[in-house]
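Only one chain is given next, in structure tokens, and it is the form predicted alone.
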Amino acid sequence: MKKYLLLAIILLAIILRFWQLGKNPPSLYWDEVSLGYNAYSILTTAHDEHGKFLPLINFAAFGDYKPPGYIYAAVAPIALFDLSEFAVRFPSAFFGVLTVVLTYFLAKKLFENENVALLASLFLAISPWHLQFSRAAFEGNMALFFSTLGIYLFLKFATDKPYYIFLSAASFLIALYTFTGQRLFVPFILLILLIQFRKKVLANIKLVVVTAVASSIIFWPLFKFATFTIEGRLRFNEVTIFKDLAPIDDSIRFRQTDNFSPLSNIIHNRRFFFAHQYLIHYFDSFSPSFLFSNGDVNPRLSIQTVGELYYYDLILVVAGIYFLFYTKSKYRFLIIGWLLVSPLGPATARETPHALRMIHILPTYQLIAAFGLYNLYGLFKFKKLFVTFSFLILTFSFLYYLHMYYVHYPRQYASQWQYGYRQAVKITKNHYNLVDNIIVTSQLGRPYVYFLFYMKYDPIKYWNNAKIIKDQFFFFDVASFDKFHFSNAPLDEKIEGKKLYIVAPGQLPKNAQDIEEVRDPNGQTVLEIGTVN
């Protein structure tokens, strides 16, 4: 019976992650398009969009230097399903399902209880947090599977066979080469694992040292790039709180008020101000609004009307933490440690809480909630009433989430997914041979990659005629390629011949002949298209 329950949970996870995968979210965000076109370029030319042969450390993309894991994972789906929304999002959905399956085996290993394992996998299968990232091309979601697999295999090393340490290390390395956020998580979770299983580690110290040395050699190129190059530090420097001048200004202001006394120089040291800011960002990750009410403030990372967890999770997680200690669960240190170290890296950024940068905290909440529900069930005298009530609460919460995600979310937040470029490219194809130049607004964000993607533009041809601008911050922008020109400023005086305009509402030249408007799901015009002879 329980075998069939697991199969039903897996089937549910598949349906929830793959149904209408190419349609909701309603459009591809520019990072998704970049991942997809780079994978297409690798498939067709063995080079990235900038002409670099099989990059192993990073893909330059827009200048954010993406790790290679997701792009290579998308090559096979694109080969099978063509260059499409479904193909680009396939790896995330696929590894999302695998993470649900893995959660079952991880929970079974941690709690030695199949009921808890089934509940944990079910909770992750319907998790708003996990579903949001499984249904779009988020590198962090794929990396989550591999870091969780690394934890599970470390458990296998500690409880079964020593050789699992090699597989665990390989899984963590893949996670590191898939998502930048893992670089600030893997070291912390490894520390927790080493403490939890210190006796087993010491008993196999030679094997552990060999694995650590081999892993360090493999990780070194990525570490060298991320630490010693301007490009590698670019993203961290852009988001980190430690580049913020406000704590320094506050330190000077307070010390000045105290006439720069020796005591003032100590108690108002700028490092204390930075530490204060860091702690604020750390505790943001456990904000009730973030976890249970509204989720991440970024609509791409949350549907805004449901938290990262359901409301009932508040009771179950609190109960689960209590029972972990009350029952003296064997792996309570690992589970709680995993939960507490997960925000340590994301807390260094200005934007907190951040559901994507902290996705590696999953599935701790689901593991704890499952343990809490199982133990609460054991306390209740009226078992059937408890099960019925729990089922109704869970079902109502889940169905409400589905309604908001599939009915309201794609209409309300289409603009957050750069809705309109796909439709504009389709119209452009019909006029491509009838005009000399095509002028596209950049107001929706990085339009060039959408035209490369949806026109399946030959990467080699693109390398040879693209005008690429690299600014002082090492970010890339494309001013033009082929007939296309991308800008927010009028280009009339600079470009001759018959022109096709794809611009924001109200920006068509007065002498333009209207062709068509691109409207979002709510009927609002997002792009106007017209020609000028």
Partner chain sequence: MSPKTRMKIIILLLIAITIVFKQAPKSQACDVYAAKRAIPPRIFYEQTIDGNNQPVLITRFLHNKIGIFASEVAKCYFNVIAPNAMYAGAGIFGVIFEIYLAYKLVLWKKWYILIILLLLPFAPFFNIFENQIYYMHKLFALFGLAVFAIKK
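Positions refer to the first chain, counted from 1. All values derive from a computational prediction rather than experimental measurement.
Just so it is clear, the following notes concern the form predicted together with its partner chain, a form of the same protein that is not shown.
Candidate site formed by D284, V407 and Q412: every one of these residues places a non-hydrogen atom within 4.5 angstroms of its partner chain in the predicted complex. This chain is displayed alone, yet in the predicted complex one of F223, F166, Y326, F81 has a heavy atom within 4.5 Å of its partner chain; that residue is Y326. Contact annotation: of the candidates F333, F386, F242, Y311, the single residue with a non-hydrogen atom within 4.5 angstroms of its partner chain in the predicted complex is Y311. Heavy atoms within 4.5 Å of its partner chain in the predicted complex belong, among the stretches 318 to 326, 417 to 425, 439 to 447, 453 to 461, to residues of 318 to 326. Although the partner is absent here, T227 is not a contact residue: none of its heavy atoms lies within 4.5 angstroms of its partner chain in the predicted complex. In the predicted complex, at least one heavy atom of F396 sits within 4.5 Å of its partner chain. Residue contact check for S293: one or more of its heavy atoms lie within 4.5 Å of its partner chain in the predicted complex. For S289, a non-hydrogen atom is located within 4.5 Å of its partner chain in the predicted complex, even though that partner is not displayed. Taking its partner chain as it sits in the predicted complex, the stretch 253 to 282 comes within 4.5 angstroms of it through a non-hydrogen atom at H276, L279, I280.
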